[in-house]
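What follows is one chain in structure tokens, specifically the form predicted alone.
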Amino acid sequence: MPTENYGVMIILSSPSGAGKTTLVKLLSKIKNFEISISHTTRSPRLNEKPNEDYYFVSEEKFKRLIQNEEFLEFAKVFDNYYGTSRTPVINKLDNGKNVLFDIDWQGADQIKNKKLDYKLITFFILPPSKEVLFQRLSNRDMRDKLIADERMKQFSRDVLHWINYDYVVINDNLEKCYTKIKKLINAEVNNESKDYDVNYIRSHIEKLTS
């Protein structure tokens, strides 16, 4: 894993329900890898802990942080704001920590456009099929089937952003997906050859969007 003086930024994005948050948590168990904790205006889910999964704040406070230019990136997703504070991220990177970002394509674009002086590796996570995705969303958002339906509609738009990422990884098996990401990070950092088939990814996306 990266051992340079400065840390590496690693972004994981995905359509809602494809598994990026679980993968980020797994990667954070590797030595020297830390999650960037985002601010959000949405309510915590049952299994989420404040100041550990997210900093849960009011919309008023979030907008104040925007005005003060505190965010490295921020976006509005499903009527809620999400944002990454600049200072903690830069401090971690300067201290040699590798920072993991669990953010959507809007946030990823903003961070890329900042052109910070740190190595950046971006991953887009996809489900094996639309059917599997709907099942995952329905299980997670059982309280309201409309939420799952809304996220499925958003999926068709989100998936088009895969082209802007360094790597696309299919989460058909969590352990396999995690191992694939870990190997690609290692290969990127050490300038080694990469086991990555972009044509296979293109054909998978055609299936998902047909």
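Note that residue numbering begins at 1 and tracks the sequence as displayed. Everything numeric here is computed off the predicted structure, so don't read it as measured data.
One more form of this protein should be noted, the form predicted in complex with ligand 5GP, which is absent from this view; the next part is about it.
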| property | result |
| --- | --- |
| Sole residue of R64, R45, K153, K29 within 4.5 Å of ligand 5GP in the predicted bound form, by heavy atom | R45 |
| Ligand 5GP contact at T84 in the predicted bound form, heavy atom, 4.5 Å | yes |
| In the predicted bound form, Y54 touching ligand 5GP (heavy atom, 4.5 Å) | yes |
| L120, heavy atom within 4.5 angstroms of ligand 5GP in the predicted bound form | no |
| Any non-hydrogen atom of A75 within 4.5 angstroms of ligand 5GP in the predicted bound form | yes |
| Contact set, 100 to 121 vs ligand 5GP in the predicted bound form - heavy atom within 4.5 angstroms | D102, I103, D104, G107 |
